[in-house]
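Given as structure tokens, the chain that follows is alone and in the form predicted on its own.
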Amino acid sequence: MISRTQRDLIPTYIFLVIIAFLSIFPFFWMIVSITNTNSDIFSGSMSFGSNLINNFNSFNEQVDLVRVLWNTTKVAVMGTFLTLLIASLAGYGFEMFKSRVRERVYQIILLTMMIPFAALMIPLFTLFAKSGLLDTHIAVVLPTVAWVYIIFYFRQSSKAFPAELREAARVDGMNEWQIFFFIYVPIMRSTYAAAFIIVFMANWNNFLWPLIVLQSDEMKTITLVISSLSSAYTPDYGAVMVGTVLATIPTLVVFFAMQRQFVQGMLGSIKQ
């Protein structure tokens, strides 16, 4: 017999099942689609087909996969490393160093979150054009390295950093850079893990800004390549789905490999 407590939980379970279905269904359809022909995909077939090899061959004929994955990995890793370094330094500095103008500067930085990226694209494009950096991966990475949300996230997480450790390190003769890299970074690894997943996924899936600044095929990332396949006069949906699966795998691997640290970091816990 079902208890009253269990009956009360039924709507919650139903809601969670619906959310789980809506989350998993796109991945299921993506996997099914790479095994079907164009006509099957277009008709919305939900059953596995026998066209997997043909779709992979078609994708390989149209795309230099090694070069595209190298370009995407380079942009994602470089952007993630620089963003975590700059954001954590900024968050640490805003929280640890006291000054009269600190909060005003921090508020001004937070206000920049209100400016849509679309309003910045033309000034940024002009800036990189005059700097001769168009069609380079540096131009893709630089506008993202001072991500205000990640700075905010690191400052909030830094509030839980034990001030006694910093004072003890100073007494032992360590300077501020040594405290940051040898004490702060290891203690805040859960925060770094959560930020790493967010920033890596954003850089890996970045589309709009690379579409504007990357002009040659040799420099394009996987999102641009998939877009060009789908916008062809006669789109090869099977090849598009193969590219989509290949683009999804690295982000899934990163997420599942760091899932535990991601949850800890988002909850604001610090693992000693």
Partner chain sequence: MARQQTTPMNRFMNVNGWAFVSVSLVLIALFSIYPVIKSLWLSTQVGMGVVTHFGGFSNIVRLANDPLFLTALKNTFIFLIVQVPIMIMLALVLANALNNPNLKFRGILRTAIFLPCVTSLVAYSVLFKSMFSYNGLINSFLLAIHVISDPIPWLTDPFWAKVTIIIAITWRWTGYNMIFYLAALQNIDRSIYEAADLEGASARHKFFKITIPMLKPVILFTTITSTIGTLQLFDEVMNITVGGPANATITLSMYIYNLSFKFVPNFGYAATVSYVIVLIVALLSVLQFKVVGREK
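From a predicted model like this one, the values you see are computed outputs, not experimental measurements. Residue numbers count along the first chain shown, from 1. So that the term is clear: the rigid core is the largest set of C-alpha atoms that superpose within 1.5 Å between two forms.
One more form of this protein, predicted in complex with the partner chain, exists but is not displayed; see below.
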Sort through 72-80, 185-193, 157-165, 144-152 and report the only stretch with a non-hydrogen atom within 4.5 Å of the partner chain in the predicted complex. 144-152
Can Thr248 be called a contact residue for the partner chain in the predicted complex at 4.5 Å between heavy atoms? yes
So in the predicted complex, does Ser58 come within 4.5 Å of the partner chain, heavy atom to heavy atom? no
With the partner left out of view, is Asp135 within 4.5 angstroms of the partner chain in the predicted complex by any non-hydrogen atom? no
Applying a 4.5 Å heavy atom distance criterion, does Gln107 contact the partner chain in the predicted complex? no
Can you tell me which bits of 6-23 touch the partner chain in the predicted complex, meaning any heavy atom within 4.5 Å? Gln6, Leu9, Thr12, Tyr13, Phe15, Leu16, Val17, Ile19, Ala20, Leu22, Ser23
Can a Cα shift of no less than 2 Å be assigned to Ser216 between this form and the one not shown, given superposition on the rigid core? no
Large Cα move at Ser45 between this form and the one not shown, threshold 2 Å, rigid core: yes
Would you mind telling me if Met114 and Phe262 are closer or farther apart in the predicted complex than in the shown form, C-alpha to C-alpha, with a 3 Å or larger change? closer
